[in-house]
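Next up is one chain by itself, shown in structure tokens, the form predicted alone.
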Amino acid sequence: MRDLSAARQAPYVAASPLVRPLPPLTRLLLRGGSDALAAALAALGLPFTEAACRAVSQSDRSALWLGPDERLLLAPQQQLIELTELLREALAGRAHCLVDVSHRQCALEVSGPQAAVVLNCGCPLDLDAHAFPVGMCTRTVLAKAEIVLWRSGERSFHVEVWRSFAAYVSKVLALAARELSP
């Protein structure tokens, strides 16, 4: 088996007080019917919800709603084998697709009182807390890159971005932060 540890190292992220790279994560894309999704989330200790564009979290695991039949499962990097085994048992006999995309993406945190404003410099969504509350997540764009955006706190956002776009996205965010600073 090929060693992917080098591929999972954090890519370059432009320096900014509002943007920081998050530690490497296990990322599993799960597609299936509501029975498969409910079984998988129960096995991971996460509540099942069909509420659109919402993330559920418990301890250090999260599931982000990306579509009616699709969830992005996030957990610490060292849990990959454990999660894969749990999900293999929980999904046995259920139609589903489970793909490890840990090597494809990385995560950034954008936080601070100006986090939503900085993100809105390149993201077309209304990120006001009333329109995009804590726990909301969606696929969107930031400048010219596709991202998954999750409001993880009142003043913090979790940004999932393909590794090849991480430097670009972080530079866009750093530039926006610099433009907004007094």
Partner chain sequence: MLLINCPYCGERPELEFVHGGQAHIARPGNPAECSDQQWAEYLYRRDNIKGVHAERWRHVHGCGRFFNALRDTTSDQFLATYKVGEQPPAQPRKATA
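Here the structure is a predicted model, which means the values were calculated and not measured. Positions refer to the first chain, counted from 1.
FYI, the form predicted together with its partner chain isn't displayed, but the following is about it.
> If we take heavy atoms and a 4.5 Å cut-off, which stretch out of 151-159, 50-58, 36-44, 111-119 is in contact with its partner chain in the model of the complex?
Stretch with heavy atoms near the partner: 50-58.
> Does Leu66 reach its partner chain in the model of the complex if we count a contact as any heavy atom within 4.5 Å?
Residue-level check for Leu66: yes, a contact with its partner chain.
> Wondering, does Ala129 line up within 4.5 Å of its partner chain in the model of the complex on heavy atoms?
Flag for Ala129 set to no.
> Do Pro133 and its partner chain share at least one heavy atom pair within 4.5 Å in the model of the complex?
Close contact is absent here: in the model of the complex, Pro133 is far from its partner chain, nothing within 4.5 Å, heavy atoms only.
> Do Leu29 and its partner chain share at least one heavy atom pair within 4.5 Å in the model of the complex?
Because no heavy atom of Leu29 falls inside 4.5 Å of its partner chain in the model of the complex, the answer is no.
> For the stretch 80-99, return the residues whose heavy atoms include at least one within 4.5 Å of its partner chain in the model of the complex, in the order they occur.
Going through 80-99 in order - heavy atoms within 4.5 Å of its partner chain in the model of the complex - there are no hits.
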